[in-house]
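Here we start with a single chain on its own, the form predicted on its own, put down as structure tokens.
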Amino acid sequence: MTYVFEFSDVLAAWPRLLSGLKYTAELSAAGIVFGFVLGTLSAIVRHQKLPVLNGIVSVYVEAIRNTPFLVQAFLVFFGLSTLGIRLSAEFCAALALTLNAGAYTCEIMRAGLDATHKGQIEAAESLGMGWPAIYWHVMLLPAIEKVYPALTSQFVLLMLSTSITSQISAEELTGVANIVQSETFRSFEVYLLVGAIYLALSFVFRMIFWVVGKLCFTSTRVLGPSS
């Protein structure tokens, strides 16, 4: 059995693939930023065990962590439209990614907050620091540093998960690849190229996180590209 690779038709579609790559990066950035904010706020709620809110956040986290991301994306896309809330596929994709990232970030950040020693808080109180300052300087910032490698791994997984949003018509990289392969009938070549692009994008994301880690946590932690 022989197979002749033919990339000319696939490479002719590079402007569309480049557009899909750009959209994948934008989706990933939105999911990371908003997911981190949502997850951190949720972690604070769970760490402080705030009445009512703690129960709501717990249900949200467990629901997200125990259902496939594809189902979550379908629920956001089809569920909101069924309720009469019509949003673009792109917005629904970003919203689904944010909700997914927020739940996982919540548990990672909560682990960091729980690792704060009681003695550190008592020492800060003895110095006359108020609770906002204690929470920011003694608990939250050190917690981010402790869990930074886990966070970055989760964010790279989020970037790879953007491929699933092609199922709700979001034309990110995989969505564009599906269209190109249906037009060229060169499925093997298309997905070989797209796989290589995802591999390169993962490396770029890890390098960015590594640089951010070196800039922000130079005093106490050494982070490598594989973290």
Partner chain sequence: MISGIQIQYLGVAALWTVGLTLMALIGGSILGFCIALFRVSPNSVLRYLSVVYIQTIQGIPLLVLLFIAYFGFSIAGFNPSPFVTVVVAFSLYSAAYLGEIWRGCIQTVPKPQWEASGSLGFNRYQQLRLVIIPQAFRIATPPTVGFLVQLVKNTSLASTVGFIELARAGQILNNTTFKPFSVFLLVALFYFGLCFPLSLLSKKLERSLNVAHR
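In this text, all values refer to a predicted model and were calculated from it rather than measured experimentally. Positions refer to the first chain, counted from 1.
Beyond the structure shown, there is the form predicted in complex with the partner chain, which is absent from this document and is the topic of what follows.
- Taking non-hydrogen atoms only, L113 never approaches the partner chain to within 4.5 angstroms in the predicted complex.
- Interface residue remark: T82 is counted as part of the site for the partner chain in the predicted complex, having a heavy atom within 4.5 Å.
- The closest heavy atom approach of A123 to the partner chain in the predicted complex falls outside 4.5 Å.
- Contact annotation for F74: at least one heavy atom lies within 4.5 Å of the partner chain in the predicted complex.
- Between the partner chain and the residues I56, V37, L70, A29, the one pair within 4.5 Å by heavy atoms in the predicted complex involves L70.
- Relative to the partner chain in the predicted complex, residues S42, Q48 and Y135 are all farther than 4.5 Å at every heavy atom.
- Of the candidate stretches 74-82, 144-152, 89-97, 125-133, only 74-82 contains residues with a heavy atom within 4.5 Å of the partner chain in the predicted complex.
- Contacts to the partner chain in the predicted complex (heavy atom within 4.5 Å) from stretch 168-201: T174, N178, Q181, S187, F188, Y191, L192, V194, G195, Y198, L199.
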